[in-house]
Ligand code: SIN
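Shown here is one chain on its own, the form predicted alone, set out as structure tokens.
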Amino acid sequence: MIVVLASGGTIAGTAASAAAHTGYRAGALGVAELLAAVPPLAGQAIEAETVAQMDSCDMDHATWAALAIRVRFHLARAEVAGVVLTHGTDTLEETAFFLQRTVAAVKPVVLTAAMRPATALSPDGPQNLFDAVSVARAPGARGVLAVLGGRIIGAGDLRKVHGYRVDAFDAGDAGALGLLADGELQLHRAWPEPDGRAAVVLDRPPQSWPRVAVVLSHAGVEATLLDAAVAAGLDGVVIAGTGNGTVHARLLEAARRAELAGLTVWRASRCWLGGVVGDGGPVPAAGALTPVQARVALMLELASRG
């Protein structure tokens, strides 16, 4: 059996016109309607559940916790071979990374989404959903994955690189784990190993999770936002640095003040490919993690410290 969890997003969106790809209402359709739009799934052993019906640009920690708890519950059921999660594209990479770090996915957890609403002339959601279920059923599949446009991408490699095109996602330097061609799975690399090392965060209410923000380094930047993070009582900050994680001198000065005030400060690269190479520098580097992934990782690390 495959369990399909729905959380909203464009894949469940509706617009006033079939020609409209923007201006739609995300999360308007229920999970039963999504499945009904994929005739080949009719009659398959599928259990469906709606966890949320939201625009993923509004994703919050409470919904993350609810998704992780439901995923863990279903994975523990002997009759469940895998879980598929329909999601919005805006924060898909963040949710995927969060689930990778909080759920020990010894079975496949497959996220999928769409760039066009369900009412579009040629929606991409039905094919993506069919492919996601196919991957969730694949023998030996495991780990947190994303399936979009026929490509299978590991959660840690997932990047949204375009705001409109159907092929909006990339697998970074690592490349796709595999492809789906005419329904056949072509695996290029091994399935990701189960993680779930930060599951402890799910034992705490989301409102008590560490508060971590992302601050962008750019030409002419002022230290205002980083100083404000200290004043607001945040627990950590990730600086989205330029190039190989370089940080403007003003932000470096503010980072030192923040660290003295008890905040943990990391730096990532605002470039979506490459990350930060090398660990030298006045601020600890987040390696290959993107700024939003680094924010999740820092939040979970701080939570694990108690």
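As the structure is a prediction and not an experimental result, all values here were calculated from the model. Quick note: we count residues from 1 along the sequence shown, nothing fancier.
A second form of this protein, the form predicted in complex with ligand SIN, is not displayed here; the remarks below concern that form.
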property	result
Interface membership of S269, ligand SIN in the predicted complex, 4.5 Å heavy atom rule	no
Close approach of D195 to ligand SIN in the predicted complex, 4.5 Å, heavy atom	no
Proximity of T89 to ligand SIN in the predicted complex, heavy atoms at 4.5 Å	yes
Ligand SIN contact at K160 in the predicted complex, heavy atom, 4.5 Å	yes
Per-stretch contact check against ligand SIN in the predicted complex, the hit in 186-194, 114-122, 173-181, 214-222 (non-hydrogen atom, 4.5 angstroms)	114-122
Listed residue that, although ligand SIN is not shown, lies within 4.5 Å of it in the predicted complex (heavy atoms), from V247, L41, A26, A52	A26
Residues within 4.5 Å of ligand SIN in the predicted complex, restricted to 55-83 and counted by heavy atom	D55, S56, C57
